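Given next, in structure tokens, is a single chain: the form predicted alone.
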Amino acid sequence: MTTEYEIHDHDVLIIGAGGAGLRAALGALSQGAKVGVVCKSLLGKAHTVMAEGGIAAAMANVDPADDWRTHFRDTMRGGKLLNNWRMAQIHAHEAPDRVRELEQWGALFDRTPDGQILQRAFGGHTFRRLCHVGDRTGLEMIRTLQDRGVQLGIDVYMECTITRLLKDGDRVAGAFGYWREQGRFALFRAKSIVIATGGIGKAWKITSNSWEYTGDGMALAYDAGAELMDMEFVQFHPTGMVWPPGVQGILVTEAVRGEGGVLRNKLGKRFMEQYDPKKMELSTRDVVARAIYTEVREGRGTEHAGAYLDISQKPADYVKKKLPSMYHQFKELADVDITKGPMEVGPTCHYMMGGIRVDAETAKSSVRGLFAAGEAAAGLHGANRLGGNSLSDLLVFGHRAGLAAAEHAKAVRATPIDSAQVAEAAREILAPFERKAGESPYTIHRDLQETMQSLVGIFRDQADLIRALEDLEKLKDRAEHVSVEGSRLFNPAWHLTQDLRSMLTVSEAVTRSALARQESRGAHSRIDYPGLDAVWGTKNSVVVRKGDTMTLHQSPVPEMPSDLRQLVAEEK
């Protein structure tokens, strides 16, 4: 068995090349660090691009009454007060500066008549707060960050999968992985590592997430001893495409509702008035997703088990100008002209509020030298994320993670890598080739998605969650015996065996945390515990590895200072 590998040295290694990873890279570069960015797909092929609606930042360009306090309050209320208040405060304070920085680096925003960045309404936000570029905001952000990173000289390692973090005692010392194309091994030595690998959606059958989103970063951190937090809170975006089957789950931006789109059931009734008469379609995502799900379950769903989202009452030119991507997406993929008729939409597994537990100021995890930002980190969004907060999250905390990782790298010496850890990591990667009679990873992945979709979906109960844990145990056992054929060149089945390990880890963490939380809060809905419970409102679920066992405990939610508590309690 060959364990030859190439070696790359960096002060700061960033795993993941979406918005959070690129912003962290720019932060670390600004401190003079030697930075490497490794991603299992292509540079910029990230879900940042799918964040179409805008960047939430209280710039007060359209609504002069907006400020950081209102943004903070909206974020805390949206997260049902389970958020790390300090992260929410930093985020609300710093988001406008990070947006202005993007503008200075060349991002082109839609403009108000007097030339300021235009802002639009979005679910859960008191004021028009989302800075946008039509409905292509994430794409413009990635373009801007990427251009700047390339200009400043980051080293990028594309199509390289990291399978293990290497440690020296209690701190990280590097990462081990392989090039997807040839299967050659690569070793990255680093003093600091930032995880920015995004979410976990591919563990569910219907998801807006693409093939990369298998929870790798969370699983890598968990295996290295880091804590995962709030893993029960998985956001189902209310509006994904439901037809035709080939596009099921693809996102329909909340901007459609922000620009005046209305939701109707098959009877033509605008049903949001019975779920949230005040905010209607601009209610928070958890409320809208459950409303559509309930309409379908009670027999008022559309032909393909969804709801109608209609913006055809607006002038066609307005729709094409404000929502160009949506117009083309439906025309090309579903042969529907959204200026003339409704879209058929339904909930799709979209975003992870939980993730690696980090410190608010520095984005550092519970493992020395390991940082996390963006969707892979937990804390800011609490039990439910507001639309637009993900883009400002990755700018604010990507920046902070990069700075802190560079500071940490300056303070420590590079250490030699333990060859035994490397040999074990290589053995683990190659094991599926050694087994001749095992099962295909594709059947295990299909069964995992069925389990998570049907038992750990929008609505949950004790019996389903216990059954899901039993299923996951069997799936873990089957995954231990998975086998792949052929060589290490261009072998997608082999790549999936690596992803399966990550997905099984995060799926178990989600299910255990969901079973423990005996209440409904934000994106976590228990049929058997339908109400909010004040006691559970003071606890975050924390998952950590002890030996080979996943253990779960509750940790008190950090207590808010009285002035901020008063702010959140005030009526708008």
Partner chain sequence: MAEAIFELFRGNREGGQPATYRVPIAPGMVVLDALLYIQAHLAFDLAVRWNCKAGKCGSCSAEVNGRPRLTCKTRMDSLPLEKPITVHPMKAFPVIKDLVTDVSWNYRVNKKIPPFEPRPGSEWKMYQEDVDRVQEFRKCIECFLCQNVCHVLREHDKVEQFAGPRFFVRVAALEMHPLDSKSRTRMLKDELGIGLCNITKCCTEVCPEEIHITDNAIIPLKERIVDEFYDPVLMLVRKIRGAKQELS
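Residue numbers count along the first chain shown, from 1. Please read these numbers as outputs of a predicted model, since none were measured by experiment.
From this point on, the text means the form predicted together with its partner chain, which you will not see here.
> Taking 4.5 angstroms as the cut-off for heavy atoms, does Arg73 touch its partner chain in the predicted complex?
Arg73 lies outside the contact set for its partner chain.
> Taking its partner chain as it sits in the predicted complex, is Lys436 near enough to touch it, meaning that at least one heavy atom pair lies within 4.5 angstroms?
Taking the distances in the predicted complex, the answer for Lys436 is no, it never comes within 4.5 Å of its partner chain.
> Taking 4.5 angstroms as the cut-off for heavy atoms, does Val133 touch its partner chain in the predicted complex?
Yes, Val133 is a contact residue.
> Is there a non-hydrogen atom of Gln329 within 4.5 angstroms of a non-hydrogen atom of its partner chain in the predicted complex?
Gln329 belongs to the contact set for its partner chain.
> Consider the chain as shown here, without its partner, and state which of Glu470, Asp97, Asp110, Asp461 has a heavy atom within 4.5 Å of its partner chain in the predicted complex.
Only one listed residue qualifies here, and that residue is Asp110.
> Select from the listed residues Val150, Val287, Ala316, Met280 the one whose heavy atoms reach within 4.5 Å of its partner chain in the predicted complex.
Comparing distances to its partner chain in the predicted complex, the residue within 4.5 Å is Val150.
> Taking the partner as it appears in the predicted complex, which of 376 to 384, 308 to 316, 418 to 426, 242 to 250 has residues with heavy atoms within 4.5 Å of its partner chain?
Comparing against its partner chain in the predicted complex, the contact stretch is 242 to 250.
> Thinking of Ile162, Leu395 and Leu500 as one candidate spot, does its partner chain come within 4.5 Å of a heavy atom in every one of them in the predicted complex?
Not one of the three qualifies.
> Give, in sequence order, every residue of 122 to 158 that has a heavy atom within 4.5 Å of its partner chain in the predicted complex, or say none if there are no such residues.
Residues within 4.5 Å: Val133, Arg136, Leu139, Glu140, Arg143, Thr144, Gln146, Asp147, Val150, Gln151, Met158.
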